[in-house]
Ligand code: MLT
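Below you'll find only one chain, the form predicted on its own, shown as structure tokens.
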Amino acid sequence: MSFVNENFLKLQDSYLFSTIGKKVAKFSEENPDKKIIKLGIGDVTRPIIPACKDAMIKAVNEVSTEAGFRGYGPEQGYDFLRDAIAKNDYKDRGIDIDVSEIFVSDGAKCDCGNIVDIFSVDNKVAITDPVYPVYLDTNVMAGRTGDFDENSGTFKNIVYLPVTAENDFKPELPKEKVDMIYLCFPNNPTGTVLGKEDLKKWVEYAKENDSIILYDAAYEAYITEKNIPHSIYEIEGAKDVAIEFKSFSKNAGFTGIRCAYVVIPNGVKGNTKSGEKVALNKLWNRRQCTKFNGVSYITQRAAEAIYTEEGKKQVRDNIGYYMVNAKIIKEGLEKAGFVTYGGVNSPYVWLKVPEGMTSWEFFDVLLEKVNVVGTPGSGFGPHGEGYFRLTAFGNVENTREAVKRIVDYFKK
């Protein structure tokens, strides 16, 4: 008899964005004449930047010859891309990251989920709430949680760190000792950020408690304000306690191409039951060599082109386009009386739903009455109830129309 991993049975029946997709598909089928504008899922709409396209074409032509053919590449990533990452994303910011500490992958979502492989199931996990569902769900799957509590909307054995207007969207340090801490800034879904002093507290906590910070910086390219860290390694001591995840999806349009990377400094170490210190870099390298065959040469050449002068300019243009949308959403809704957060250092606008509505009720109203799709805050965790996320990843024309529809409807 074969047995299943019963931890999967603790999860909600459907992933948040699958539920949204089904609702939208049903409404579309019943109302084929309605033009639905989607500002829900955080997928980009602009194509990959020209510099990446040209690099991919060149790489395709290269590997299509006998002399240039490439088979399996290094599981850690090709040195040409790792060198470019080390220089542009770290050394140019005054951060010393060695190439051996960078692992190229097929997506930050994959890395955030797969990283749990190298940690003990006995670890106590702290997660900000609301939060990107992958952090929580993968720990449920791995068996680090207890059962789901229907009344509170939380899993037992998880430490929830509220991120709400009441604490200025700055999670407070846990009152108990935790072993793994998930932080995402600029934050998905709230669009808010932490300053260097705020992050310094977390690094100090991790050092004092022998904890590991799992820092998702997938949206750092959208930071516009000064003194907001683009990497947790800007904080002294972070290279001893933090693993950082970054992605090319949202800055250069790689959501459908798939390329990202994770940084695990050699100084970040975990513990064995016998008290021995073990480098997590070594464990992740072993994990990748066993379970991963690397990102394609063609894709990595495309990613490398992001770091050319032409590529950097095109990325800035892409981000500027989306941030115009963020401004349209934020300013338009605020003029209509909505309270909003984010949208300044992030492509997400987080808004308070009208009084007396749940976030799913607000979702239904937007879909059915104004034909606009967003994401209910409660889908990101219990502290997301009462909030709603809209993304800036549409085109400008649709974004303007969506905001006008929302404003006109709620002005009635």
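One rule holds for the numbers: they count along the sequence shown, beginning at 1. Being a predicted model, the structure only gives us computed values, none of them experimental.
What follows is about the form predicted in complex with the named molecule, which we do not show.
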(Q) Which residue, 160, 297, 284, 219, is the contact with the named molecule in the predicted complex, using a 4.5 Å heavy atom cutoff? (A) 219
Q | Single option in 322, 245, 182, 132 placed near the named molecule in the predicted complex, where near means a heavy atom within 4.5 Å | A | 132
(Q) Given a 4.5 Å cut-off on heavy atoms, tell me which of 339 to 347, 356 to 364, 66 to 74, 41 to 49 is the interface stretch with the named molecule in the predicted complex. (A) 41 to 49
Q) Does the trio 109, 188 and 389 actually contact the named molecule in the predicted complex, every residue with a heavy atom within 4.5 Å? A) yes
Q.
So, residue 330 and the named molecule: in the predicted complex, are they within 4.5 Å at any heavy atom pair?
A. no
Q.
Against the named molecule in the predicted complex, would residue 301 count as a contact residue? Criterion: heavy atoms within 4.5 Å.
A. no
Q) Within a 4.5 Å heavy atom cut-off, is residue 250 in contact with the named molecule in the predicted complex? A) yes
Q. Listed by sequence position, which residues of 15 to 37 have a non-hydrogen atom within 4.5 angstroms of the named molecule in the predicted complex?
A. 17
